[in-house]
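One chain comes next, on its own, written out as structure tokens in the form predicted on its own.
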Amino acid sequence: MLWLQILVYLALLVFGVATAAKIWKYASAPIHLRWELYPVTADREKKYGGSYYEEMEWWKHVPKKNLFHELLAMGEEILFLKGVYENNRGLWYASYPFHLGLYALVGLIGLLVAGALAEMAGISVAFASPSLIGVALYCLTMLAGYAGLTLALAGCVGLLAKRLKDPALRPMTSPADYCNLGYILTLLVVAGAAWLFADPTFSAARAVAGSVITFQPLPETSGIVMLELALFSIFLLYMPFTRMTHLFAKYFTYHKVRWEDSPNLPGGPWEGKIQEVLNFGVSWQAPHIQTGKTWADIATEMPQEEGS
């Protein structure tokens, strides 16, 4: 059991450090080319799709942002995958239950930790518990586990089938995508089998969570539960190094690319950032772009006529 306990803590450490490093890399990167497509979500005054650039002497007024509308748009995308629903309905039917199931399973982990802490405090986590907190934790754990495993498993199978059969998706699917989905499918099958045949009330999983957060030896339990824990630990080890980090990368895509439209005023915070990227060298290879110059040179020179 010692090797498995070491693997669990190693996975948690690598996941935390690698995820934090990737978030820092995104946050500290030079500014991205902003889309400036209107209407911007946080600005609902221009309901017809305009922008503050239409106003007279717009540079004298700070654009108004509406945090509520911004959070609402984020919620629609996170909770309902609105963009996928509107642009690829066939993919949404598989992707949405998959993501919804993953959300429920993340909630399950939180409930297992909460249940372990409750039991340490002397609260029985069971359907017949004398404590309402214990009953609530038990019922919510069962709901999150059942719904999460069912939805995620169905969605994962659907995504694999969609990527294998859809002629539009197949060329855009890399071997790594198949490996990721295949590994997640294996993990979900093992987790489902552990729940059905060895741990129907998640009591063993709760005991494991308790031992991890208290740095105690893992409890003796069935082999399939241990296999589930090992597979989940390996998943945490490699996840931060895959494209699955879009989980938090989307924040930067939306806030720093799609919705960012702060004006670049003289002496303002954007002036230096834009100057930095304009001084980058040009490495494109195309007839209309000359390499060996900076983007500032390209932006301020007249384009050469064809054949000159």
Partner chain sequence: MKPRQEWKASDFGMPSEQMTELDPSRFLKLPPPYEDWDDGEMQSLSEDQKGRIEHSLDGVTAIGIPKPASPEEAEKRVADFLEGLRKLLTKEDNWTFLQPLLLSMENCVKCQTCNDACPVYTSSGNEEIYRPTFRGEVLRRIINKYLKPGGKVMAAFRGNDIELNWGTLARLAELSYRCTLCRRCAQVCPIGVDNGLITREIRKLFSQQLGINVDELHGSGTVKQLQVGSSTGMNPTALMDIIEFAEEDILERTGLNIKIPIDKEGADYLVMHNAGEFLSWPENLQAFAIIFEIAGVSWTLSSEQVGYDSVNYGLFYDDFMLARIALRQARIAKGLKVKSVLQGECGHAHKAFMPIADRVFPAELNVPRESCFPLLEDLVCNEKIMVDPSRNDFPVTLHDPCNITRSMGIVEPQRRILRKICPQFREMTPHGVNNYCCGGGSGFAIMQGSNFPDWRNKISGRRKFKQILDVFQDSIGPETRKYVCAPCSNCKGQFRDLLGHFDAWERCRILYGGLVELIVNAMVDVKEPFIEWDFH
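Quick caveat, the model's predicted, so the values are computed rather than measured. Residue numbers count along the first chain shown, from 1. Think of the rigid core as the biggest set of C-alphas that the two forms share within 1.5 Å after superposition.
Below, we turn to the form predicted together with its partner chain, even though it does not appear here.
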message: Even though the partner isn't displayed, in the predicted complex is H69 close enough to its partner chain, meaning a heavy atom within 4.5 Å?
response: no
message: Is L132 part of the interface with its partner chain in the predicted complex - any heavy atom within 4.5 Å?
response: no
message: in the predicted complex, does M120 come within 4.5 Å of its partner chain, counting heavy atoms only?
response: no
message: With the partner left out here, check for me: in the predicted complex, does some heavy atom of P30 sit within 4.5 Å of its partner chain?
response: yes
query: Quick check: do E76, P200 and L231 each get a heavy atom within 4.5 Å of its partner chain in the predicted complex?
result: no
message: Among the candidate stretches 174 to 182, 206 to 214, 132 to 140, 189 to 197, which one is within 4.5 Å of its partner chain in the predicted complex when only heavy atoms are counted?
response: 174 to 182
query: If you look in the predicted complex, which residues in 227 to 258 sit within 4.5 Å of its partner chain (heavy atoms)?
result: R243, T245, H246, A249, K250, F252, T253, Y254, K256, V257, R258
message: So that I can tell if L10 moves, could you say whether its C-alpha shifts by at least 2 Å between the shown form and the other one after the core superposition?
response: no
message: Given a core-based superposition, decide whether the C-alpha of G268 shifts by 2 Å or more between the shown form and the other one.
response: yes
